[in-house]
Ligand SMILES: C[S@@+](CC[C@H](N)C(=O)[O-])C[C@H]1O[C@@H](n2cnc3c(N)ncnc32)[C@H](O)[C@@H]1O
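The data below hold one chain only, encoded as structure tokens and taken in the form predicted on its own.
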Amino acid sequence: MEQRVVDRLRCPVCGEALAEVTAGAARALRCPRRHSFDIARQGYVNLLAGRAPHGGDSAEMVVARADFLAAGHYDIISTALAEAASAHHQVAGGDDAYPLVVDAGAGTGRHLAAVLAALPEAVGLALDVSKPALRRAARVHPRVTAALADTWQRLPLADASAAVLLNVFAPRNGAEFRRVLAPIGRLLVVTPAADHLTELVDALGLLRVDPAKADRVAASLGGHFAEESAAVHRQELSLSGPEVNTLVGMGPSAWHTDPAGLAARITALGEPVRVTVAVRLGVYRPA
């Protein structure tokens, strides 16, 4: 595991520092009080203090997301995050020799990898509750460490240890984000804009963007962060039928659609299918 990340991890049980230990072929992170957390052979460490309330994205959803992202369809998001993180780092200065970028709800880690590519001196931590996602995140970039963690609970990190915190289409734990972010750090939050995937919502019966989304984001971060800037990024995609199916399969609508009926509706759309990607990137500073 990346030692510069391990140095900033904390035991989810007692809050003590963690160190990597080996016993034969087995590897783990252990604190001075001997709480031990296994490192899976796929490269991620399980830092849950108990059982997770849910398993996160399924293996099928992760495969769909990996395929869709690999085709570059959401590179607009990765690019926006990388540019925002890089701009902040230049303004904040390089006091931290190894700034830590944390992705809370990292999925496959593609967006985190893009940010690390823009910040060659930084290291990254991918947090997610989905084991299939973490298997990919653990090998997405040589400077990424992946950890199984429930972001609704106390994060397994030292206070003020992160320079940048990413949150892309994921739950927001305002209090914990504030605790682990350095005073001059920044939180980058990506949420769907009102017209995100709008061409598919009615045609395929997908979940709509919550009209109160902005209010809910503000409520989750209120008292902990102040919004510094915001921008909406849009791009029109030209997708094939199978790509549309992959797009639906990687998101929350995957839990709510009938595969047979979905296939018929996608076929009825014809090809190519024009789809709008529209996301809001908010940059927040600690309050």
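Keep in mind that this is a model prediction, so the values were computed, not measured. When you see a residue number, it is the position in the sequence shown, counting from 1.
Missing here is the form predicted in complex with the ligand; even so, the following discussion is about that form.
- Partner contact region in the model of the complex: 99-107, out of 202-210, 135-143, 178-186, 99-107, criterion any non-hydrogen atom within 4.5 Å of the ligand.
- Distance criterion of 4.5 Å from any heavy atom to the ligand in the model of the complex singles out 69 from the list 221, 69, 237, 248.
- Screening 116, 197, 129, 84 for any heavy atom within 4.5 Å of the ligand in the model of the complex leaves a single hit, 129.
- Although the partner is absent here, residue 120 is not a contact residue: none of its heavy atoms lies within 4.5 angstroms of the ligand in the model of the complex.
- Under a 4.5 angstroms non-hydrogen atom cutoff, the ligand in the model of the complex has residue 151 among its neighbouring residues.
- When the ligand is considered in the model of the complex, residue 217 lies well away from it, no heavy atom lying within 4.5 Å.
- Among residues of the shown chain, residue 241 is not one whose heavy atoms approach the ligand to within 4.5 Å in the model of the complex.
- If you take 161-199 and check each residue for a heavy atom within 4.5 Å of the ligand in the model of the complex, you get 168, 169, 170, 171, in sequence order.
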